[in-house]
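Only one chain is included here, represented as structure tokens and corresponding to the form predicted alone.
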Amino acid sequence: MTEIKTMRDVFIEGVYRRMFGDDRIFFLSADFGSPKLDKLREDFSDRFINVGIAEQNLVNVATGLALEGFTVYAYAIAPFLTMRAYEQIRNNLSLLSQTRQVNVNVIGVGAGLSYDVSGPTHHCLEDIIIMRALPNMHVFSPSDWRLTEKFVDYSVTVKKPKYLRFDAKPLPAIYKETADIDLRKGFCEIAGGEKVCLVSTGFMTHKALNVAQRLKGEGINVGLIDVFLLKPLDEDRFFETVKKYELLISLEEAFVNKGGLDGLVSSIVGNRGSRIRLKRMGLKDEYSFSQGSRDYLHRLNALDEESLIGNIREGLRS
């Protein structure tokens, strides 16, 4: 049975192991914890700083350390980190890294609807859009903890500012431990199909995988591509992978038609003059004040498995 883990604990544990052999790593938190963070804080108290509930200052301190040559991890709740500190991320990281080496890894926990019952203040539906808009910023949106684990080395060796959007909930692994994943390519074709391909990121890859497996049992082969590096993505290799399809369906826990995953896919296809159709599935242009589970919120926004299957059948008919 596939082991269930949280992305943040797996990643923090990986950073913790790296800190034993690399004294240039600092870990900063905006008064935000984790079971695995306790050990890091205890064993590396000289390289751990809790700045308090102050996300803007978190980015400021992280930038100062990075300018001194340190690799820095700045850790907080995703909607507050990306939106409260957006000016600091823009000026201190995106802008400054164009002229200086700044390796700050901005870790946001709570991507999409993973803080489901906490309501719209804790839902993070804008982060893909606003973080992709920043020059020089890498945007990592993993679907499982194994991808997250593999990203630790990338975060150290690639000397650029990065935004890591982690799901808050424990999730099963999608990828096998032995999977040979090229992180720099930015995507993985999990399943090949015939006419329709699902293009997903983050948690929605789990839902897409369930849908593809259900349809396969009916003799319908649907492709599935997991996009985990939303920026930079190897666009040429991505297009070579999807050009055989008639219809692409983008799936994301984010607002659609605003420049998220759907905008990325649309630009790749459109810039190459392709006539592949694109169906965009995500959150509609409003906040949800309805209280309920993630599955409930998905049903409200036609992101549940039955709605996905309905869209695929409609695409095959047309």
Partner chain sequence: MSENKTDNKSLFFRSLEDKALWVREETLNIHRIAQQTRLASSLSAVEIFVVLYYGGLLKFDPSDVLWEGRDRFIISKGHGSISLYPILADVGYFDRQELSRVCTDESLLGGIPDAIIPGYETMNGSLGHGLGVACGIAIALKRMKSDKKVFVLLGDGELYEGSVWEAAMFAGEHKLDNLIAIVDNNRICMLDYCSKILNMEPLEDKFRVQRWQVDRVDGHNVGMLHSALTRLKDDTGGRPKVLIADTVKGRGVPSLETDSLSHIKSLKPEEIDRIIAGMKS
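Positions refer to the first chain, counted from 1. Worth saying up front: this structure is predicted, and the values here are computed from it rather than measured.
Form predicted together with its partner chain: not shown, discussed below.
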> Is its partner chain in the predicted bound form near all of L67, F70 and E87, within 4.5 Å of a heavy atom of each?
Replying inline: yes
>> By the heavy atom within 4.5 Å rule, which residue out of S293, N57, N271, S290 makes contact with its partner chain in the predicted bound form?
In response: N57
>> If the cut-off is 4.5 angstroms on heavy atoms, which of these, T178, T99, T121, T157, is the one near its partner chain in the predicted bound form?
In response: T99
> Pick from 279-287, 33-41, 257-265, 58-66: which stretch has a heavy atom within 4.5 Å of its partner chain in the predicted bound form?
Replying inline: 58-66
> Going by a heavy atom distance of 4.5 Å, is N92 a contact of its partner chain in the predicted bound form?
Replying inline: yes
>> Is D23 near its partner chain? Define near as a heavy atom within 4.5 Å, in the predicted bound form.
In response: yes
>> For the stretch 246-268, I need every residue with any heavy atom inside 4.5 Å of its partner chain in the predicted bound form, listed N to C.
In response: none
